[in-house]
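Given next are two forms of a protein chain, the same chain in both, each as structure tokens and marked structure 1 or structure 2.
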Structure 1
């Protein structure tokens, strides 16, 4: 650590470019590793992190970012170009923390050497005039004790201290004692652990991934076999999705309990999973998945992130064939679990492509777990499925399911409605068991409701290391803030003919600016002096 700036090198005419470059590098290095720079960088880091709390971030909420950009015109776009919606992976944020890490290394290396030297060094000489020290107590030894006895007793009293005994003229002996090296140890442990934490945090980001998937809570299963099994997948730069840790999860049910006011109180999903050798033997192991207790298996974690409803519809086509589907609808109001979505049907047994494209069906609209009607407008009055109902439009025509364009499972392609390829053929509210008859004789029955859960699979190979460094950091911080470095001296002079008892002086100095040494000094000196009396 350099607390003062390096003295400016006096320009000497015979300096070669090499030397000048060297001097420049050295000065840059000194500047970068000075305490003042560290301080400025810390400030910049805090400042740079701030936009991430104030502006929407792509990683957390991408749609909100798009909304924000379109609401703010050129200004929103400019912020985007400056990476203000990806603050924590932006060039400028990375630059600041990389500089801070360099500064940290530059600061810690010389300090570690100094630390080792200081550990080996002997405690400083006893000052000539102890009475000038901030803590000072004179006293007399017992008449019977000579200098050697007093010193030996003092050594015993100071057993936890690093100390050295010295002799002065006239049979005077002194002890210099020091304590509190743990402070510097703690400080170094703290800073090094922080370095380790940052490095392993970054490695985790490179080698980790997170994937989200919706699974019907009716015994459907999901396997961590590849990116395409996920609805969304975020991976570190070093993950290509080819060899994910293999495991499978089967979701058997989902239970939510709510308080009388409709606030959720309890979520539980009974799942089964298989990983490792179980995959070969086909063994499923049960697990109760809850919000605060993820499944940990095969080095990955599986979380219960959310849940929702899948209304179930049965379509009976004019030729008598039937199809039943229960597709997830997305929750639009978390308080009442009102949901919207689109359940899409393809009539079976039709081989003619053109005809098929005129006969596809989509049931879209709202689902309410506890129906509440304002006239014919459906809303939900509670999140539990006490009285489920749907308010749906039935669309017929070409859904474009095989148009090659991916489409959302929650809605139909609006452009097809606009240009007439999809036509609305019915609109109706349905309770469980009720049905709609279409003009061509097709019947659509609302059969009830199932549930889905959304799961997240997380993989972070370094988080254990991060935790370890965090704990070390905390311990180091504690030592570095709570331990005080302090010195203590004892000087024992032989008595005179008239007064044979020895003269003892005890003095102390705290080397760090926390107060509180006084109490300890008082106690120790009491023992040192008191022990001699009597």
Structure 2
């Protein structure tokens, strides 16, 4: 008996780590650059932006963020650690943003090559059996019309279609026509516009800036000369604040109109501005600034955000010298414009620094534009300054103005009150013209109230591009939704001796949605066949 040895088993393929790594990277890239992934990332980007709209953001209102964290305990602290109060500069938002850009680029690049290839390709061959097409209509040409005449007439009727003429056996001639390439064009325009919108929006965050400033509405001015002129300033990553576009704004007045329920209805401020050559000549140009009508000058936009009140006080010191000051107070109730603040004074004529720091005054408290008393508690019943009054506490001592540490213009340093360096020396409600007399003979008179406006200066060098790409997105989306890809074929056969009239076949196919193409095919075929009857 003979035995046959089994052939040796084929060696298993040996996958090296390099090949496995390459396969992993290739599959990852394919998954990242798929249209499905791009749509998922776009949805995630919209979802990630929600906390920026629902939660206070540290760049816009840091005190409100601190208040929110304190009110929500461990939950507020956790959100802070996860960067939910700095959404648009957070790592996770930037990662989604960057991945979406990469996905769109990787997705659109091959689609663009395919689009160019399809645009350069000739229409497909005419099918052998046109009767099997979804839309089909046969007919006959005029008895005196030959194939060439019928084909020429068909070319004329199909003006505007991409078409090519071909010859078949037996003298048969065909036309292959296509229409609706604008659908794919619109699709690409939409996606490229989305990519452009994302890119230029990011560039705007790099090279743009935004600042807020309060200006007294009494002819006071503000110049965009540096960040030190702003109350708050948010700079782009590539902006250091030393090369801002120069311009100046002078606020002459402010007018507010309210509804019967006290809601603001109309804000208007007469301002003057100068930029460019006007800065050298000193020319001021008038402008009516409103909430939805910003001033555009020097590449920046100046917005009117809101307004408030500035109580005016005159202090007469024991030696007879006077100081008058009008400082903005912070609105605490937007419905009634009730405000709180602090107006601070240095006593003149004191050369000794130690003594001077013990004689500083601060007038703090509440201001009511339309005063209303609940017992002895002052409040306001309306936002207009119809009957202004203040409820003030007068503090005397060291305000800390020379300490080298910044402090809020709206309040005093509470630590100085707690340790006794600032002491309360008087408390009283005052109407316009009334005054308080302190124990040392100092008199404080409430002279009335002025107004201040809050302005925002925004600089975004990419806003024109963002607007252009946004419009292009809607145009491209409309084209991709409304335009339909469709094909049409015409076959013309020569007649016979028994029947010399040519035989015409017309067939159509909608490459996307067929809805509505039946009506168009009927109109086109009617022209093609009806125009041949003699």
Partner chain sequence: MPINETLSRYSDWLYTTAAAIYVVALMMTLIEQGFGAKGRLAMERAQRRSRELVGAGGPPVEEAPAAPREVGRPERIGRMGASLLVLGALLQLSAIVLRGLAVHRAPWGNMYEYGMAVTFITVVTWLVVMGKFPVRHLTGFLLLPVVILMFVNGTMLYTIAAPVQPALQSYWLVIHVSAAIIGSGVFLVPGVASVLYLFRAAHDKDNTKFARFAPKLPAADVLDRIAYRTTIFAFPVFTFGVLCGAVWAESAWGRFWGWDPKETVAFIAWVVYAAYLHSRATAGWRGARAAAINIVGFAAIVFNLFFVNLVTAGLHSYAGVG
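Each form is matched to the other, and the largest set of C-alpha atoms that superpose within 1.5 Å is called the rigid core. Please read these numbers as outputs of a predicted model, since none were measured by experiment. Positions refer to the first chain, counted from 1.
Of the two copies shown, the first one, structure 1, is the form predicted together with the partner chain. Put the two forms on the same core and the Cα of residue 253 is off by less than 2 Å between structure 1 and structure 2. After superposition on the rigid core, the Cα atom of residue 171 is displaced by 2 Å or more between structure 1 and structure 2. Relative to the superposed rigid core, the position of the CA of residue 152 differs between structure 1 and structure 2 by 2 Å or more.
Superposed on the rigid core, the forms differ at residue 43: its CA is offset by 4.2 Å between structure 1 and structure 2.
Core-based alignment between structure 1 and structure 2 gives a C-alpha movement of 2.7 Å at residue 62.
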